[in-house]
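Just one chain is shown here, as structure tokens, and it is the form predicted alone.
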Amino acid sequence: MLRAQILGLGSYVPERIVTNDELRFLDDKHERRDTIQTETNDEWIRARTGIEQRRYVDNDGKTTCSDLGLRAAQAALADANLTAKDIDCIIFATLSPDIHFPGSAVFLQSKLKVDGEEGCAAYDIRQQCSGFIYGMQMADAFVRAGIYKKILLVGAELHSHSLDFSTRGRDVMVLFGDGAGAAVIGATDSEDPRSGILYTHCQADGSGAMDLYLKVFEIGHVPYVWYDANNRDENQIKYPQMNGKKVFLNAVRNMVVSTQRALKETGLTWDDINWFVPHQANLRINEAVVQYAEIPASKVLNTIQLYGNTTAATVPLTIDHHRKAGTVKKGDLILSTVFGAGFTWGSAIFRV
């Protein structure tokens, strides 16, 4: 039976570490000032999010989202002992693309030097924090159907350039960091139902779309950009907006249900699962999911303390972080559950 399996994993985070103490002194170019720019502190951020630090790219305007994706992709290809020329499909998940269009997947393809008239398929998906699991479901289906043999799945985000570094925007600003993760997914012929990618399931509820969003522009508005981006009385629309309480409640509820569904539909128990890897949006959300879904705490992997929320990158980044630390080992079975803007959510069970 044709099945999909993970052939390689990789991740990348920028070198710059921004602690909670430093964050409050940063301006909108994330340059440190002598005076406090945002009324927040380490205790406030840790208590609400569990985050201690995050990574930012340089603010010289030379780094794009696909640059971060490239570094993670190269690491995943090396881990799989493959080259970019072996890939016949790229799936790129992000909410912070290089430009509005075309999508970042084609920029990544060119940076991998596999573009041209014989270039592989390149998909962009916009499921925000759920993007990597949505992409895994796509890759799994493509491989099982025999459409593609080796797929590069990338989740990458560059948040630091588009955050509101002020007290007005602190509830969202303190959450996000820059980073990327990638997986190479390929075909294997196996009759073992517990090999490779065992299970994926994705859902959405569009009624929550405007509870977590970023407009920047509005295509139905004439003109579609109608504010002065430098005028603080007008420019709030260019920053992410969130109904925090509603997002929190929906995230916990749907992640719990999705996790329980994954176990029920596969017949697996926590004795079979090595690790639970939730999306890294907020440590308090993950702690609530672990409690209500009755997940053994010893099997839960988090990295939000170190990297913040890197949206589409959090799942592969977390796995790769713990793999490098020696915690996750080859052949381990992982259950991952995500929730993001849209609302979107889903779960997957797979071996690394």
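The structure presented is a predicted model; accordingly, all values stated were derived computationally and were not measured. Start at 1 with the first residue shown and count on from there.
As for the form predicted together with a small molecule, it is not shown, yet the points below apply to it.
For the small molecule in the model of the complex, the listed stretch (25-33, 318-326, 61-69, 44-52) containing residues with heavy atoms inside 4.5 Å is 44-52.
A heavy atom within 4.5 Å of the small molecule in the model of the complex is found for one listed residue only; from 152, 129, 180, 108, this is 129. Interface residue among 114, 80, 256, 174 relative to the small molecule in the model of the complex, by the heavy atom within 4.5 Å criterion: 174. The small molecule is not shown here, but in the model of the complex it comes within 4.5 Å of a heavy atom of residue 244. Residue 287 falls outside the set of residues with a heavy atom inside 4.5 Å of the small molecule in the model of the complex.
Using a 4.5 angstroms limit between non-hydrogen atoms, residue 248 touches the small molecule in the model of the complex. Within 4.5 Å of any heavy atom of the small molecule in the model of the complex lies no heavy atom of residue 160. Taken together, the three residues 170, 212 and 340 all lie with some non-hydrogen atom within 4.5 angstroms of the small molecule in the model of the complex.
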